[in-house]
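Only one chain comes next, encoded as structure tokens, the form predicted alone.
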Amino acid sequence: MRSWTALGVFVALVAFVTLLGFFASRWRRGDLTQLAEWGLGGRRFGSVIVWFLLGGDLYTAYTFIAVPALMFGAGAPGFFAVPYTILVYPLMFAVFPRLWSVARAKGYVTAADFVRGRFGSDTLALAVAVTGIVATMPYIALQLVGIEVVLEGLGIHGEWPLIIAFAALAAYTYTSGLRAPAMIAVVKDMLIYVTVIVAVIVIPEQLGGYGKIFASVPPPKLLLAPATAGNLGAQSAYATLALGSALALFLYPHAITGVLSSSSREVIRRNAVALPAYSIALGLIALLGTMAIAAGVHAMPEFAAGFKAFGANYAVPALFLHAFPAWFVGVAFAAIAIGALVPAAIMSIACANLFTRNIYRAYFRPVCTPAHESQVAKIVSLIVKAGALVFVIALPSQYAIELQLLGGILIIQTLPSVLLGLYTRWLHPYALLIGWLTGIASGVAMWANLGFTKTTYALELFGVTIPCYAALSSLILNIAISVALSFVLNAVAETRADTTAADDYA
């Protein structure tokens, strides 16, 4: 079901941002042979650019597809994504200016750089770096899934359009570094806000108002199931998903890369105050899943192929195709596709920074020039994108989605080393390493026990069943072990050097 008008608008907008990506190398000129310039934009982005960059980084194409899909398929539990993005910004306001300060003072490019400097442990830094890369790779692949869903809506099949899109992404990321997604994020966010505002006005008017929309939703999907005396049920799962996701979000390498690209601590604080505007947009985006139920797009024969291929993830494209004229479908689909390219670029840059600084330089070539370091990062960013592309093409999309569920479980295990490390180095690096390993093992074991499809594991405590996000319960175990072992190791083991000073955090 191809509309040439929609396809033309889509191609024109994607081509425009591609040209913008190449032009970005000339914007705020810097020496792109330096890793801090290529991978962090020279740490010179102000409040407005960082707002767009972090918005484009954290609110991805898969957010635009998956959150409404959860509302479409599961109902109220899918709304947990909104409160978790509200919880995360006070954490950003309180904690991440300290990370920015010490990174600026010491020239750190990654969180693993900080961990090595703070705890004097190359092994712990390696663990943080590897965790970041592994947790991020499926996330990049899922951006491709978002593009695939949009291409299906445009009637485009096969892998070649996806390969061409990511070849262009790889080219302008290689030449422009973080400047490219920062510039494109401005266009992406403007397109998404226009799409969301039009959608939440036009579609309800077509469907007879929000009252009729909510009346069309089956009652079990409208509210969380109530807790009982012996089982906290969906409410516990909802709360722990929100809290665990909030604690994990800014530990992802791409989020830290966005933070470290800021020009000052105050830029981070201003954005912690301003970024909740995206949470409002996210709440409206989530309602698109409810609108898709009311519109009955899943029962329309023209969308059968899309739902068969992508399941509930096809709900938003089907809704837009049903509700909008062809030219606006092109705009909306371009917003989603560009919303995939921006975070994919930042994620690949973040993974490249981690590999270059904390694996290649630390273990293979400790003495290398800044230009060589930057060149390695550029090459690795290409390899990361190619790997994500192969991952999506070789595996059915549902497997990529299931693996992404593991990302939060993995990345949250770096919290004791990174976030707690910003305030104290009392935790011993060996204790942190054992705690990290225990958290990883227990989190993965819970995920495996759930058949690799869910991340909410039912804990039995004092005769009460407490469904809990596996990332949060494994993190608690991680912290408990790190604290207990630190009491012992600090008494008997040699204390490692801390290359940071109190003034570095101020």
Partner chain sequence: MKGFRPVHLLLIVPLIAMLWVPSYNRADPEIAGVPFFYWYQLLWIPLGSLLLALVYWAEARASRKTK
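Treat the numbers as computed from the prediction; the structure is a model and nothing was measured. Residue numbers count along the first chain shown, from 1.
The next section is about a form of this same protein that is not shown, the form predicted together with its partner chain.
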So its partner chain isn't shown here. In the model of the complex, which residue out of Gly107, Gly158, Pro366, Gly211 has a non-hydrogen atom within 4.5 Å of it?
Gly211
Heavy atom within 4.5 Å of its partner chain in the model of the complex - residue from Lys221, Arg425, His322, His372
Lys221
Non-hydrogen atoms within 4.5 angstroms of its partner chain in the model of the complex: do Ala76, Tyr89 and Glu266 all have one?
yes
Residues in which of 238-246, 163-171, 385-393, 196-204 have heavy atoms within 4.5 Å of its partner chain in the model of the complex?
238-246
Is it the case that Met71, even though its partner is missing from this view, gets within 4.5 Å of its partner chain in the model of the complex, heavy atoms only?
yes
Looking at the partner-bound form in the model of the complex, is Ala272 within 4.5 Å of its partner chain by any heavy atom?
yes
Heavy atoms within 4.5 Å of its partner chain in the model of the complex: does Ser279 have any?
yes
Are any of the heavy atoms in Ala299 no more than 4.5 Å from a heavy atom of its partner chain in the model of the complex?
no
